[in-house]
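Only one chain is included here, represented as structure tokens and corresponding to the form predicted on its own.
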């Protein structure tokens, strides 16, 4: 099947399930490869880490971090990595960059923008391109995040921005952190964008700006309160000495610990399967299944431990029989 045989793919999956972090780069390469042979290998690897095989969900927390360009995400990520490592947590970062229309590759290269120790085997940073797909996530990101969560304590997925067309992160992450920059109009645009239901934690960056940062936090707190939400609003400065970063980590871990992880991840896999199906077959394919509500009902009847590829195959079979 090419450079990675089925046996090698199965071995990669077993190593991930055993929390062997050195298997992660090869696993990500396999998930990003194209072609039927690579897909067969990816299926074999993913089966080894599936809840149905290992008996539980991947233990790592998947943290979605999103926000507009220039809000300070990369600087904050560098500080988060350092603080999580100080707590003896292994950390993987999937940085989703805009794609080059010419090459299809990522443009920003977050590995170059984040300050990480390349010698630290317990830190992995991977830049991946969106491949021109709306939603803020590259096609292989969902599977990559779950694969990494099998081996790493914390998996951070950073998207290119936040908006009405970029809400895929809400269907993947266990805990979603939305970054807002003060004194930039971001707060007003965020409130008006219709995505206030997405974040589990709201972060106003650059709190060292003082009054304007406090005003932005107050505006967000008022917006959250008006929706009857209990979303945390935090102020953070990544400039040394960094302020609020430990509180952000505490908020993420508190939210994650309160999740019913089995139900949450099962829902994420079902939404991923439907998203993948819709991307390939379009709304016509969804209508052939009876509409989105009928497709979701069909998925909800399946075993909670099924992976999203198995669920996607089930939808394809249903379409063929429609």
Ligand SMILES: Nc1nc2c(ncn2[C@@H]2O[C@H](COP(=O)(O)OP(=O)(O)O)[C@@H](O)[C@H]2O)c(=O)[nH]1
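Positions refer to the first chain, counted from 1. What you see is a predicted model; the values in this text were computed from it and never measured.
The form predicted in complex with the ligand exists for this protein as well; it is not shown, and the discussion that follows is about that form.
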item	value
290, 59, 282, 69 - the one with a heavy atom within 4.5 Å of the ligand in the predicted bound form	69
Option touching the ligand, based on a heavy atom within 4.5 Å in the predicted bound form, out of 183, 121, 222, 239	239
Location of the ligand contact in the predicted bound form, chosen stretch of 61-69, 250-258, 292-300, 267-275 [non-hydrogen atom, 4.5 Å]	61-69
Proximity of residue 197 to the ligand in the predicted bound form, heavy atoms at 4.5 Å	no
Proximity of residue 158 to the ligand in the predicted bound form, heavy atoms at 4.5 Å	yes
Residue 206: touches the ligand in the predicted bound form, heavy atom cutoff 4.5 angstroms	yes
